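Next up: a single chain in structure tokens, the form predicted on its own.
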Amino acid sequence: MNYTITAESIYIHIPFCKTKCPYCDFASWANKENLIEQYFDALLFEIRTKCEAYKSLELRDKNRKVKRTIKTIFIGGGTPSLVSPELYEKLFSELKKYFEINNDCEITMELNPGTAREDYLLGYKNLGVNRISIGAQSFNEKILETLGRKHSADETIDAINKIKLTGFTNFNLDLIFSVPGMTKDIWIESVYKALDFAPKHISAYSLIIEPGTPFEHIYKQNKNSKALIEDDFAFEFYSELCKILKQSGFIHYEVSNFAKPGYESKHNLTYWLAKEYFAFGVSAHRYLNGMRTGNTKNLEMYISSPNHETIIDYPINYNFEKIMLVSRLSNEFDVDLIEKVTTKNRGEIRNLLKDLSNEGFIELSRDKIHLTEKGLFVNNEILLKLI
């Protein structure tokens, strides 16, 4: 059996938070900082043992000593900025035993306002971290309160100032729209406030009520759904965002992501272009040798058995997954890709594409599909119609 790894990216999951946001369904926990050192011991063990296994499976030539060059590393969570540089130094030391990590590697770390420490930031920078992603979410105190965020707008500003003071020039700001109680004016004000700090990248997401979160209980099970923003109004937020950022020199390169030229997230493009990647940590999902596997979502179970992973059955069809991912990008894609996965005949597809074009969701050029701003906002619904 051939075993070939093409991955050039690594995801590391750090699951610890000061508090758990009521809309969050990620694998993250508050009040478990006492487990941080045990977690890192498990994380290092997972990296060591799995990388040794990858090496033995992939390298039939035992004389080959060349390490795989890594182009991006993303440390997400959770709140990675809660962890000391000393523990990350051990992490990077372990990674460098198996991978070549050069100075041009994009290394991103997520940071929540209220956890920014100058000494930690300097430590991260000295280890090679060169991109910070800040979970600002909003610059309006009322919206932050509705979201259950424990930081203030002033703490976000303080975090940005500390990042700049310690020499980081490449940073992203996360924003959330369609929040109950949010008006268009509040949203526009937050977008302009974000631009005041000259970020290289902005990610903006419409609030989604995820199953099993406190927000599901608050807004759906308790019949408070009327407080939620209607889809048409949500698109108005999105449209304003796109217009403002375009005028400010940002490229809209993915549904929810905007960057100054040359500052697109190389790591996230790995996912959207359906490329392979390594991943380590609780709940981490990797894509290697054409197969997806995932770690347990139970923190204590991961700490006791970090090597356990299961095969992810979805998606069955590689082309289906590829189109679901690539359709998120602003680039055009081939009609042929649709035809590889659809149950519809060519005539039905052509008629649907014509209708979508007339409705302003897509632009057609020969055998290429380009989703408009309106189409990007509802890209999943468009694909379901076509498939």
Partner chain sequence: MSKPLNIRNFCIIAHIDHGKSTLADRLLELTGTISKREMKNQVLDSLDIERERGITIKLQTVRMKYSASDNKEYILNLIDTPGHVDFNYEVSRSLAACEGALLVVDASQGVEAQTLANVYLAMEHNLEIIPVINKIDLPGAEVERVKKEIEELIGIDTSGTICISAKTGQNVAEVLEAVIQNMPPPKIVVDKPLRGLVFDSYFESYRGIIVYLRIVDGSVKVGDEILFMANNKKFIVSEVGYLTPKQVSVNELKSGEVGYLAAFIKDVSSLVGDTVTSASNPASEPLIGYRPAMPMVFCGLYPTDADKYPELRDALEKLKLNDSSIHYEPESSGALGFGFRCGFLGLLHMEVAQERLEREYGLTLIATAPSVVYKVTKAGGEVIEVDNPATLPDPNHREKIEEPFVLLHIFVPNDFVGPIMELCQGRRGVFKDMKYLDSKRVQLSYEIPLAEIITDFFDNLKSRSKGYASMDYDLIGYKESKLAKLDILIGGDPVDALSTIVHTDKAHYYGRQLAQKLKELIPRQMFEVPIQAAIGGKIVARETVSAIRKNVLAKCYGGDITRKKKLLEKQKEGKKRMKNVGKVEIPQEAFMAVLKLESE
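Basically, rigid core = biggest C-alpha set you can superpose within 1.5 Å across the two forms. Numbering follows the first chain given and starts at 1. What you see is a predicted model, and the numbers here were worked out from it, not measured in a lab.
Below, we turn to the form predicted in complex with the partner chain, even though it does not appear here.
Chemist: Just to confirm the contact call: exactly one of 31-39, 331-339, 353-361, 44-52 touches the partner chain in the predicted bound form at a 4.5 Å heavy atom cutoff, so which is it?
Modeler: After filtering at 4.5 Å, what remains is 353-361.
Chemist: Can you pick out, from 127, 234, 157, 242, the residue that has a heavy atom within 4.5 Å of the partner chain in the predicted bound form?
Modeler: Partner contact (heavy atom, 4.5 Å) among the options: 234.
Chemist: Indicate whether residue 380 is a 4.5 Å heavy atom neighbour of the partner chain in the predicted bound form.
Modeler: Heavy-atom contact with the partner chain at 4.5 Å: present for residue 380.
Chemist: May I ask you to state whether residue 256 is within 4.5 Å of the partner chain in the predicted bound form, using heavy atom distances?
Modeler: Within the cut-off, so yes.
Chemist: Even though the partner isn't displayed, in the predicted bound form is residue 104 close enough to the partner chain, meaning a heavy atom within 4.5 Å?
Modeler: Residue-level check for residue 104: no, no contact with the partner chain.
Chemist: Would you please decide whether residue 5 lies within 4.5 angstroms of the partner chain in the predicted bound form, comparing each non-hydrogen atom pair?
Modeler: Outside the cut-off, so no.
Chemist: What residues of 249-279, in sequence order, lie within 4.5 Å of the partner chain in the predicted bound form by heavy atom?
Modeler: Result: 255, 256, 257, 268, 271, 272, 277.
Chemist: By the 2 angstroms cut-off, has the C-alpha of residue 356 moved between the shown form and the other one once the rigid core is superposed?
Modeler: The answer is yes; the displacement is at least 2 Å.
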